[in-house]
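Take a look at this single chain in structure tokens; it is the form predicted alone.
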């Protein structure tokens, strides 16, 4: 089902969603940086810049409480945080590379254990994607089999049209419900021509060859040269839409506190540091090797897809200039 949504009606739609009490999360300028954050009014949305971090924070926050505890005398009280309290959310302006990562996270958080914190947020969130009309030299979605107009992972896909406004395609029950609830704002798409999509300057990588090499070269000496520049800062994992490592810690005093789930990264030295003092990934090349293996082998072995959408954030923000697309392309040619 494809409809036309004018720029004015797009703002009206956001306004109505906010007024209805829904949490409307979209790219928004915060101290000079674009992040996915709740909107207070439609004018705050930024659609011409990719957010620094991905949209996964709507379901998987950087830090969240999972229980609280208190002690009074000899009595200890432990209180669960109820996932049902999470608000209805509309995630708007999601880049296709971010939306495509959402099903990847779905698989992880509902596999051997159902993470109700993640799953309750997913159930209550409608994802409104927006096709990309611009790309920079770090974008490589086409290299991993996606595209700037890929609908994967979203409930609605918006595509900008000449003269302003959007073509709107609902592609799930959630998307159809949102359009139906605001039907007066949408019209037939007759005569509206979409703007050309972005064209990332990357050739498609043969990911089957990449996986084949990874299957048999865990101890290959090339890993030292591949990962020699990695400093283990974790920036790549924290901006990645598909990375999902986390730690659980207790914060507080003996009287009261909370148990929290916090983002973590396999590039950190402490990530695999045992209580005994042993660390199976004691050197940085081993940790970076795990990042490549996880994205292009381990996750594929388990779920049948790669854990990378080609958003390019890790390339843009790596302080050492590591280019994961170039690394994977080199592996495909070995």
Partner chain sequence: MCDHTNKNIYLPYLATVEEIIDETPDVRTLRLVFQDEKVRDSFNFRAGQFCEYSAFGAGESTFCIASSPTRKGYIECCFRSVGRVTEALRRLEAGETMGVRGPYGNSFPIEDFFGKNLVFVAGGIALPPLRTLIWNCLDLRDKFGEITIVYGARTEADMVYKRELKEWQERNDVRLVKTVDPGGNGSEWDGKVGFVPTVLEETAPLADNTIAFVCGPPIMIKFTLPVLEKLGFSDGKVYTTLENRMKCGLGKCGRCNVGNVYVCKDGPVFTAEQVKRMPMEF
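What you see is a predicted model, and the numbers here were worked out from it, not measured in a lab. Numbering follows the first chain given and starts at 1.
Beyond the structure shown, there is the form predicted together with the partner chain, which is absent from this document and is the topic of what follows.
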{"query": "Every residue of 254, 273 and 301 near the partner chain in the predicted bound form, heavy atom within 4.5 Å", "finding": "yes"}
{"query": "Answer range among 156 to 164, 90 to 98, 185 to 193, 72 to 80 for contact with the partner chain, defined in the predicted bound form as heavy atoms within 4.5 Å", "finding": "72 to 80"}
{"query": "Heavy atom of residue 47 within 4.5 Å of the partner chain in the predicted bound form", "finding": "no"}
{"query": "Touches the partner chain in the predicted bound form: residue 223 (any heavy atom, 4.5 Å)", "finding": "no"}
{"query": "Non-hydrogen atom contact residue 201 with the partner chain in the predicted bound form at 4.5 angstroms", "finding": "no"}
{"query": "Partner contact for residue 40 in the predicted bound form: the partner chain, 4.5 angstroms, heavy atom", "finding": "no"}
{"query": "Heavy atom contacts to the partner chain in the predicted bound form at 4.5 Å, residues of 114 to 148 in sequence order", "finding": "114, 115, 116, 117, 120"}
